[in-house]
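Just the one chain here, laid out as structure tokens, in the form predicted alone.
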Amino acid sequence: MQLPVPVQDLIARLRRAGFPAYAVGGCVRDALLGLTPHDWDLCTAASPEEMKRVFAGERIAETGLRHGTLTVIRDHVPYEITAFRTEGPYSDHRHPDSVSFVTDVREDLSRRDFTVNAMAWAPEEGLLDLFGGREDLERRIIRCVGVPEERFEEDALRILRALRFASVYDFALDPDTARAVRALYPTLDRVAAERLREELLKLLCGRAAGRILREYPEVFSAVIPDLAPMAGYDQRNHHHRFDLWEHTVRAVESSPPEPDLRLVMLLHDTGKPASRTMDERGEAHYRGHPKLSAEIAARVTDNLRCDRACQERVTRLVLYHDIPLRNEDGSPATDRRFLLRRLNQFGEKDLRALFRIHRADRIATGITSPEREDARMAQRMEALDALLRERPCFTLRDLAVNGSDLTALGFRGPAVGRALSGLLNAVMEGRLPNEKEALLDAVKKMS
């Protein structure tokens, strides 16, 4: 394993001072997988005060010092160095009641969550792997250190973290770990919403998100109760081959691995069970389900403490996830008028997102092929690209006239906004050119 030069230097500084030190945890895991670690964490036998002495003169941050962590900043890159430690009981099932600093790295590694995260590395010693983490990487297994029930009782978030790692790396859970997940997932209600959100979004963007959603629907229903009715729900509709949960999973799999879009697809049909009606032939219909789904999405994103921008975007995209991608006259989504109207309504970013959402939703019905939907989406994207190269007018900001121009002609109050909207519609529909003189001539006729 090749450590970055600053990491080698930090370890060497500690070892020269007489303190064993290692790279530890996720950086070791990822390096063994041939991935580039996002950050490098170190552990050492030095106490926090001893670390401060070793790195005197360095730029440091002491924000984690109470828990044994000192951050050394090299070339604007932070490196967290944590004292070897053991932990007391977790009375609140979230945080240890006490932390004790120790000098034996083996005690430190034994407290960690999963074997693949409980490995350490130092240039002089190589890999320190007490629990078979390297073998589990080779076997593509997520396995708890020690007794799984004890690890999950200490911190229930580890249940979702186990599934997140399995999703991101396309691993399976060790059978004992899987049994503990299924037994203890109700304890996820002890975990703060922010922590659940971070793990859930990373999980949804993982390579094996679909497989994990299929295997553990009860876990996701514990995090988002509105998902509970979906597993095994027969849609009773000839436009769908799969039950509602399988359709949802396929929609997630078929969407880009972006947190907002994956969350949209997870929630896009949550309103279906409450909106179902049956016709005389015994076929189900779900009129109004986008509105109900959007109401659920607004509540879920609020409960998960998503930021305001995420809440608004996810709710909006869920509301419009099945908006017709054609004009009322039947002209396709590549039509200039259609694209201008939708650009005005959604903006470029969300219109492209809706094209991708429509593709994923259609593929997930099971009645069309990914190749067919890829071709459709490509046509829409190409038409949009071509239109945007023309720098068309589709917002009031793009108009060649503004409110001041209309005020100078005698328009006042709400009449200004109505006149500008009328001009914008005329330009988008091709009835007027976006030229100041032509627009002013037209608006004079309105007065």
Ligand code: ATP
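In case it trips you up, residue 1 is the first one in the sequence shown, and so on. Since this is a predicted model, take the numbers as computed values, not measurements.
Form predicted together with the ligand: not shown, discussed below.
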{"query": "Heavy atom within 4.5 Å of the ligand in the model of the complex - the one residue of Phe84, Phe152, Phe165, Phe220 that qualifies", "finding": "Phe165"}
{"query": "Sole residue of Arg111, Arg356, Arg342, Arg376 within 4.5 Å of the ligand in the model of the complex, by heavy atom", "finding": "Arg111"}
{"query": "Complete contact of Asp30, Arg195 and Lys202 with the ligand in the model of the complex (any heavy atom, 4.5 Å)", "finding": "yes"}
{"query": "The ligand in the model of the complex: contacting segment from 181 to 189, 357 to 365, 153 to 161, 263 to 271, heavy atom within 4.5 Å", "finding": "153 to 161"}
{"query": "Arg397, heavy atom within 4.5 angstroms of the ligand in the model of the complex", "finding": "no"}
{"query": "Partner proximity in the model of the complex: His38 to the ligand, non-hydrogen atom cutoff 4.5 Å", "finding": "yes"}
{"query": "Contact label in the model of the complex: Asn117 to the ligand, heavy atom within 4.5 Å", "finding": "yes"}
{"query": "Heavy atom of Gly68 within 4.5 Å of the ligand in the model of the complex", "finding": "no"}
{"query": "Partner contacts for 388 to 408, taking the ligand in the model of the complex and a 4.5 Å heavy atom cut-off", "finding": "none"}
